[in-house]
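The chain below stands alone and is given in structure tokens; this is the form predicted alone.
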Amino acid sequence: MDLLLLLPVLLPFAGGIVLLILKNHQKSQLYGNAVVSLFSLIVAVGLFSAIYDKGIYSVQLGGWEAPFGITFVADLLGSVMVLITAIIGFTTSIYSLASVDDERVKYGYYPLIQFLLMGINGAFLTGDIFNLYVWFEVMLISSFVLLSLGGTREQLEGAIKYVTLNLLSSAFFLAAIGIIYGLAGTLNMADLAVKFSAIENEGMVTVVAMLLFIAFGIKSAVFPLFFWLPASYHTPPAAVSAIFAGLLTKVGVYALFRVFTLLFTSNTEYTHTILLFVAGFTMLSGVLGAAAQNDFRRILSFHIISQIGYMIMGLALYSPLAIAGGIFYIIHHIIVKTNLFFISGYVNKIKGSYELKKVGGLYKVYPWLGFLFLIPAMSLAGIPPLSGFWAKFTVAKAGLELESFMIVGVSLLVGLLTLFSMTKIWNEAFWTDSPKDAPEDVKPGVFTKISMLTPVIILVVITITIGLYAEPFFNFSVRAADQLLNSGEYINTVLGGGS
């Protein structure tokens, strides 16, 4: 069990090193990355099953008892995030076979993907807030290089904006860590939960909460800290955009869920009210930004922001149903958003552009592609019975139960505007005739079709499954929310040193 908990970090680390050694053997890198990603998926399934059946489990590295050693811990939320990360990592590895050029492979695309996945999994499984910072930096370094691989002016401009704001996030994070250690003398999150409950200076704890909110808010791209995201996510290859869109901002959201349910629970009337206002403005600013765009990936990038607002809304409402809705929303959104970026990449492969005005007529020639787009697009908009409907319904129902009518109204309005954006993409790219001056479509070969469409189909099937069989996913989300809100099991497991 100890090894099972550590393998989601060790496998991509070892895989990345092996792929670096194979840097002059491009085919070996392509298929080696897919093999490592498949093994990571198998391990993630095993870890999730074990945590689901047996409960929270922790490992203290080096034989040092908590809170003095390095702690890895998996609960339901952490284990499901590792599982989804493995699904996205595996599908991206297949998609990359035909969509990533040889030049990027030569300069380390596949090792960087594995190191990025290592950082993401490390963030989900760490039980120490300083090590959370370390894993964030591993992610930042990997993602910055992935953004800039190719060296186009647009990429470098986006990468500089991305890294600048994320370094600012790191500065806030480090400042918060210093204050935390001064207040509590520990950085182990379970130990901090115990120490913070006994600290009389509640004002300083709230200051730390706000510093971490800014740090994680930048990572999550919440209002008004989101400007780096639409400036950068549309610049790299579609495979990179997809894995970024699905996973990177969700690490920030995960961190917010973790610290605002485990550490900062004594002044929720203040902190969670701020979170609620931020959620509303995040939803609105993201969806309005999307409405003004005419580039496939820019529209999707702004919708990442608006959908993050729903997740923060679930956290801010802070009831069992609301937290469960937020968790359900995270699961749904990672699958759907990654898939929409995959589809945008395939459209670009055919039409040679992401600009909606330069593509068109796709439905007449590729009706099956139209169907594959409509499923995640309608799910994102919250059309029943797809996964997005249940996610939005759960969060809105929680808001109505708490009589937070304003935020519920905002969430419903944003849902309608999301439908407008998805309809806009459908009309421009699929339904309207192709422009007369448009170049002739590129007909992808059999290998390209299999490589780029297999991940799309896998994620479409998952989206439909979550929608049609929502009850087990909802019940899981309720259990995960209960673990977050009743942190005694988490604290006892970590400080007790075992399962």
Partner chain sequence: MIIMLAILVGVLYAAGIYMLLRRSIVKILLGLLFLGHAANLLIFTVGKLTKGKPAFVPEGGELVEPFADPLPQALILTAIVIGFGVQAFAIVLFKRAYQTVNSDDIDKLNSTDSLERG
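A quick note: this is a predicted structure, and the numbers were derived from the prediction, not measured. Residue numbers count along the first chain shown, from 1.
There is also a form predicted in complex with its partner chain; it is not shown, and the following applies to it.
The listed set Gly280, Gly122, Gly382, Gly158 contains one residue whose heavy atoms approach its partner chain in the predicted complex to within 4.5 Å, identified as Gly158. Contact with its partner chain in the predicted complex, defined as a heavy atom within 4.5 Å, holds for exactly one of Tyr270, Phe144, Tyr107, Trp426, namely Phe144. The closest heavy atom approach of Ala231 to its partner chain in the predicted complex falls within 4.5 Å. For Glu137, a non-hydrogen atom is located within 4.5 Å of its partner chain in the predicted complex, even though that partner is not displayed. Shown alone here, Ala292 lies within 4.5 Å of its partner chain in the predicted complex, counting heavy atoms only. Looking at Glu154, you'd find a heavy atom of it within 4.5 angstroms of its partner chain in the predicted complex. Contact with its partner chain in the predicted complex holds for none of Val446, Leu453 and Ile457, as no heavy atom of theirs lies within 4.5 Å. Stretch-level contact check against its partner chain in the predicted complex with heavy atoms at 4.5 Å: of 213 to 221, 252 to 260, 81 to 89, 127 to 135, the positive one is 127 to 135. Contacts between stretch 157 to 193 and its partner chain, counted in the predicted complex as any heavy atom lying within 4.5 Å, involve Glu157, Gly158, Ala159, Ile160, Lys161, Val163, Thr164, Leu167, Leu168, Ala171, Leu174, Ala175, Gly178, Ile179, Tyr181, Gly182, Leu187, listed in sequence order.
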